[in-house]
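Okay, here we've got a single chain as structure tokens, the form predicted alone, with questions on binding and movement later.
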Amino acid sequence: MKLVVGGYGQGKAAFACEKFGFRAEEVVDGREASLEELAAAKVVRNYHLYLRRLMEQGESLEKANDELLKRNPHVILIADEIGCGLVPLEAAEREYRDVVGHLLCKVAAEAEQVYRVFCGIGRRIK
């Protein structure tokens, strides 16, 4: 598994497609996709929004993440860095940010490669 992270609008999906040889049409959007779609995907963008959806439904993010990686160990996950910037006022938003941040740390630890993208430029950090 590979992880590509960076701020909103920084060109993460374009970087991943170019770096790993995929077309934009092959990228699955985690904002709307089911686990089955993610399990068959080569590249998943907005993984943080997939996790948000699961959290709002009361599902275990750890369990869902482990299931996805078990079913699709070669997936490329693309997620926004949501922990940078202003701290949200709403407790639920802070919890989302904390839980997803910790889970992405776990994903990064398990990933074979991790890239950070800033202004469309990706830098391998693991």
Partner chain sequence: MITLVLGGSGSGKSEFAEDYVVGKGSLPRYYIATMVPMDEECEKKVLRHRDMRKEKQFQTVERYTHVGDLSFEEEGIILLDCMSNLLANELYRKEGRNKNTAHIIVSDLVTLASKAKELVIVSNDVFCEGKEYDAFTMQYLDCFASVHRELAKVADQVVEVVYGIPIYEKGGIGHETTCK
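Positions refer to the first chain, counted from 1. As the structure is a computational prediction, the values presented were derived from the model and not from experiment.
Just so it is clear, the following notes concern the form predicted together with its partner chain, a form of the same protein that is not shown.
(request) Establish, in the model of the complex, whether Met1, His74 and Lys106 all lie within 4.5 Å of its partner chain, using non-hydrogen atoms for the distance. (result) Not a single listed residue reaches its partner chain in the model of the complex, so no.
(message) Partner absent here, but in the model of the complex, which of 91 to 99, 22 to 30, 36 to 44, 62 to 70 has residues with a heavy atom within 4.5 Å of its partner chain?
(response) Only one stretch passes the 4.5 Å heavy-atom test: 91 to 99.
(message) Is Ile82 part of the interface with its partner chain in the model of the complex - any heavy atom within 4.5 Å?
(response) Yes, Ile82 sits close enough to its partner chain in the model of the complex that at least one of its heavy atoms falls within 4.5 Å.
(request) Please run the contact check for Leu49 against its partner chain in the model of the complex: heavy atoms, 4.5 angstroms, yes or no? (result) Flag for Leu49 set to yes.
(message) Since only the chain is shown here, I'm wondering whether Arg123 would be in contact with its partner chain in the model of the complex (any heavy atom pair within 4.5 Å).
(response) Because a heavy atom of Arg123 falls inside 4.5 Å of its partner chain in the model of the complex, the answer is yes.
(request) Scan 103 to 120 and note down the residues that get a heavy atom within 4.5 Å of its partner chain in the model of the complex; none is a fine answer too. (result) In sequence order, Tyr115, Arg116, Phe118, Cys119, Gly120 come within 4.5 Å of the partner.
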